[in-house]
Ligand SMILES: NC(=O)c1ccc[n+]([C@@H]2O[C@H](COP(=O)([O-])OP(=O)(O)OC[C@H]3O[C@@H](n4cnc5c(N)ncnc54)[C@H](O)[C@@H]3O)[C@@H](O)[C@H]2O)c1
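The data below hold one chain only, encoded as C-alpha cells and taken in the form predicted on its own.
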Amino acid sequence: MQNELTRRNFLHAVSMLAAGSLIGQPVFDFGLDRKLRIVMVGTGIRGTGFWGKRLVENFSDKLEFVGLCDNNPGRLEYAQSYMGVHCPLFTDFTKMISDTRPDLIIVTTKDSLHHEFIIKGLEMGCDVLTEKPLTIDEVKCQAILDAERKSDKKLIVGFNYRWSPYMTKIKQLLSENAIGKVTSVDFHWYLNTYHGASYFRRWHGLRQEGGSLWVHKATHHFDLLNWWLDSDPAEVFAYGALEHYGSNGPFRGENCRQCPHKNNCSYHWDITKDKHLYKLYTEHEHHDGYVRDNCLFRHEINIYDKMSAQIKYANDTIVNYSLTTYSPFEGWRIAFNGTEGRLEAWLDIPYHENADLEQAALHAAEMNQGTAEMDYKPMIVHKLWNKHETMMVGFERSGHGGGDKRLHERIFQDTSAPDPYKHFAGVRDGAMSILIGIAARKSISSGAPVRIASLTDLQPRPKRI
C-alpha cells in the first residue's frame, strides 16, 4: 500500500512538471523506497553523455539505469562502458520495457524515431522524457498528442536553454514588464563553420531524419521565444535555401577521413583525433552504416543552410527570426521592442566583446558538462524618454550556458525549489516549438503563410497556461 501511494505521488509530480504549472512545490516527489528505474533508447553522444554519464556520476543515489537500447550492438556495448553502468543491453525496445519495467524512459534516438518510442512507452505504462525536438512533422506530432491524452502517463521534453541564468534574466525582465507589452522581436542565431557544418556531416543533413534545422536546431530558439513571450505562435511565413553545403561544394568524397581532397578542403575534420567519437561511432559503423564524418558536400543533403521567418503570435507580437549555418563566428542577438522601451541581449558576438574566440574551442566549452565559473555578460534595457541601462547578467560557459546542469539538478536533486518562471516543458511546449519549424518548411514550399492551427488540433493561445 505504501509503495502504491508513493508511486502515485511520483506520477502526480511528473504530471505537474509536464504541465509546467507547479510553482513553489516539489516537481518530482520520488517518495520511493528504492531508486528511480530508468531506461534509455538511443546511445549516441547526447544520450550517453548528458542523459547518461552525467546522471550516473551525479545522481546515482537517486536513480539507476536498468536497460539501454539501440539498433547498433557495438555502440551499445561501448555506451555501457562509457556510462559506467552494468545494466542489460537490448536491440528490441519492447522487450527492454517488458523485462525491466522502468519508471522512466529517456528517448535520445535520431529525431525521426522519437514518436515511435514515445508512443510505445506511453502505451506500455511508462512516463517518458524525450530530447528535443519532440518529433519532425505534424502527423507524428498529432500521434504523440493523441497517445499522451489516452495514457495516464506523462511526457516531458528536455528543453535546457530555458535554465541558463542569462536566458532566465530575459524571462524575468519581460515578466516584470520592464519594457511594457512586447510588440515585436528581432532574433538572429549564427552557427559557425565548425558547429554549423557538423549538422551537415550527420543524419541531421537529411530532412527525413531530422526535419531540417528548422526543427532540430531552431526548436531551441522557438521554445525560448514561446517561453519569453508567454504566448503561442499563430502564423509563420518563411524563406530558406541550400546554397553553401550539399551539391554546392566544389568537390566531395566518401567521408572526411578518406577524402582525396582533404588537403584542399577548409572544412576537413579528422574524427580519428577524437577518441570518444571514434570509439562511439566509427568503430561500429559496419553494424548500421551510419558514418559520423560524412562529406558536407554529398548530393543527398536536402535541408536548408540559410533560413528566415516572420512569426505572428496569438497575442499579436511579431518576430523576425533568422538562422545562419556558415557564419565566421557562433553567437546570437535579440531585441524586444515594447510599448515602454527596448530590451537587447546577445552572447558571443566578437565585435561586442573585443574577443578573438577560437570557434572549435568555444563550442567544446559550451557543450562541456563540467562546472564553470560564473561570468557576467551585458544586457541593455532602454526605457522610452530615458537613457539606456546596461546590466551585467550571470552566464556560465558550460552545457548550454549553464542550463544543462540546472535542468538535471531541478529534476533529480532540488525537487522542492520554487519555479516562478515555469522552466519545465511539457508536451504542448514541445509541440508548439516544432510547429513553428514545420510551418516554416511548408511556407517555403508553398510561398504562402501557414497557420499553426492548421497543423494539429492544438489551438494557439494568446496567453500560455
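The model shown is predicted, which means the values in this text are computed figures rather than measured ones. So that there is no doubt, residue numbering starts at 1 and follows the sequence shown.
Another form exists, predicted in complex with the named molecule; not displayed. Remarks below refer to it.
In the model of the complex, no heavy atom of T317 sits within 4.5 Å of the named molecule. At the 4.5 Å threshold, heavy atoms of R298 stay clear of the named molecule in the model of the complex, well away from it.
For G196, no non-hydrogen atom is located within 4.5 Å of the named molecule in the model of the complex, even though that partner is not displayed. By the criterion of a heavy atom within 4.5 Å, D111 is counted among the residues contacting the named molecule in the model of the complex.
This chain is displayed without the named molecule, yet in the model of the complex the stretch 281 to 289 from 379 to 387, 168 to 176, 238 to 246, 281 to 289 comes within 4.5 Å of it by heavy atoms. Using a 4.5 Å heavy atom cutoff, none of R37, P102 and G121 lies near the named molecule in the model of the complex.
A single residue from the set S322, N255, Q142, N71 has any heavy atom within 4.5 angstroms of the named molecule in the model of the complex; that residue is N71.
In summary, among the residues W203, Y82, Y267, Y190, the only one with a non-hydrogen atom within 4.5 Å of the named molecule in the model of the complex is W203.
The partner is not shown here, but in the model of the complex the stretch 33 to 50 reaches within 4.5 angstroms of the named molecule through a heavy atom at V41, G42, T43, G44, I45, R46, G47.
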